[in-house]
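In the form predicted alone, a lone chain appears below as C-alpha cells.
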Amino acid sequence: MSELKVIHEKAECLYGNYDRKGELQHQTHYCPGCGHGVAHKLLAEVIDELGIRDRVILVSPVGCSVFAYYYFDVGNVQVAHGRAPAVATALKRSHPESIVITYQGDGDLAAIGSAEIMHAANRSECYTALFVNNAIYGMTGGQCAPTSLLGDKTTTTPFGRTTANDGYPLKVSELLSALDGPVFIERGGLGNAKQILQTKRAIKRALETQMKGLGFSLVEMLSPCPTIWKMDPVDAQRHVREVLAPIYPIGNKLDRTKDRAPRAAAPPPPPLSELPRILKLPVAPTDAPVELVKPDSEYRIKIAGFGGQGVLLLGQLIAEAGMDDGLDVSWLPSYGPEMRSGTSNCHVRLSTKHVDSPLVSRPNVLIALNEPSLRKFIATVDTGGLVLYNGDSIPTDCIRTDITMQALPFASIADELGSPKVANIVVLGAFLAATNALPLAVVDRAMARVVKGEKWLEIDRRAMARGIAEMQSTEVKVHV
C-alpha cells in the first residue's frame, strides 16, 4: 500500500483550535459562503510560505472580521473603526523589523477610514493593506457602502443607489494608484478558483514589497457576501464574477517595485535627557534637592466633580509637578459635552516606576468635589486609600472603615479667600498635606508655570497654604 501524502492542510499560523470562542471552537464565526474565510486562508498560507509568522502584526478592524485575532496565531492589534492605517503607521515606525498587515472592509477603509488610507498611501508607509470589498456594510445590517453599485438596494438606499443622492461607486485601488507614494496595488477576486489563485499571488507580492522595505502596498479583494446580498453561496460567487468585476476590473493597478529604492531607516529618537531642551521645558537647577515619594509607592488619583470646579486643572497641576519632581506620571481627562455643570473627572498617576496605563480604575486617592462623584467612585477606592470630600461631613451611607475619609468645605474656604474658583487649589494643599506626595517647592514652580497672571498666582498660593493648614489641623496623614 502506497504511503499517503498530505498535499493540503490548515496553515500553521492559524490556531489549531479557536479557544477564544466560547462554542464551536473548530470553526470560524463567518456565514457560509463568506469571502472572509477564503481571504484568511490565503493570507495565512502566504505568511507560512514567506516564513514571517514571528514578525507579523495583524491589525484587525471594526466589521465582520473584527475577531480576526481569534484565528491568526501572530501578533494582533484590534483598532477603532477606520483607524487601522494610523495604528499600522505607529506599529511599523516603532517596530520597523515587523511585518505589519491591516485587514479592512469597504465600510472601514473606504468610508470612515478614507482619509487615513489615502494619507498613509501618500506617505508610502511601509505596511501592507488588505481591502475586502463586498460592496455592502455586512456587520451592521446592509447599509450602502462607498463601493455599492449604482442601483443597489440597501437599507439606506431602499430605492437603489443613485449618482444624484449617493454619488458613484468609489474605486479605491484606482484612486490610490494615482498617488506618488504607493509601490504596489492590485485588485483580485474571490469569485472562482482562478481569481483566488491570482489574489494569493498578489498578497504574496504585496508582502514581499514590504519585506524589501519599498513602501506602501495594497491588495483589494472582491468578495461575496451571501447573507446580506440574500443569495446562496454559488450565486454570490457568480455575482462577484459577473457583476462586481466589470465595475471593479481585476488586475494589477500599480507596480513600482523595480523603480523604488528601499526607504531610508528612520533616525534614532533623541535621548530622554534631551527632551526638556527640545520641548523647551523649564529645568530645575541641578543642585536643587529632589524629594521623591517613598520607593515602591504609587499614587493612583481619581479627581471628580462638576465642570467648572477646576477638576482638570487640579489634575494637570499634580501631573506637572510630578514630572518636575522626576516621577513617571500620566494625566487622563474625561468629561461630558457640557463645559459647565456637566460631569468631569480625570485620572492621575504618580509613580517611581514606569506607568503602564493612564487609566485609574482602582484609585488609592479619590478627590470628590461633589456628592454625586463621591457616590459614583467611593466603591472603587482601594483598601487603605484616602478620600477627600468637598463637604461638611461624609454622607452616612458612603462611610467606609477600611479607608481614610476626610470631609472639608473646600468651596466655603475658597469663598473666604475671595474667589470660589480656587476651591481646587485648596484641595491641592489638603492632598499634599495628607500624603507628602510632592515637595511644596516643586508644586509651587509648576503652579507658577501653569497659572496665568500674577493676581491669580498669588491667590492660588494662599489657597494652597490654607488647604495645607486645614488638613494639618485634622492630623490626617496617609502614605500609600
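No experiment lies behind these values; they were computed from the predicted model shown. Residue indices: 1-based, along the sequence shown.
Absent from the display: the form predicted in complex with a small molecule. The rest refers to it.
Proximity to the small molecule in the predicted bound form holds for none of Glu186, Leu197 and Arg201, with the criterion being a heavy atom within 4.5 Å. Residues placing heavy atoms within 4.5 Å of the small molecule in the predicted bound form fall in a single listed stretch, namely 105 to 113, out of 169 to 177, 347 to 355, 397 to 405, 105 to 113. Shown without its partner, this chain lists Met211, Met139, Met118, Leu150 as candidates; in the predicted bound form, only Met139 has a non-hydrogen atom within 4.5 angstroms of the small molecule. Scanning Leu58, Ala414, Cys64, Leu42 against the small molecule in the predicted bound form with a 4.5 Å heavy atom cut-off leaves one residue, Cys64. The closest heavy atom approach of His81 to the small molecule in the predicted bound form falls within 4.5 Å.
Interface residue remark: Ser217 is not counted as part of the site for the small molecule in the predicted bound form, having no heavy atom within 4.5 Å.
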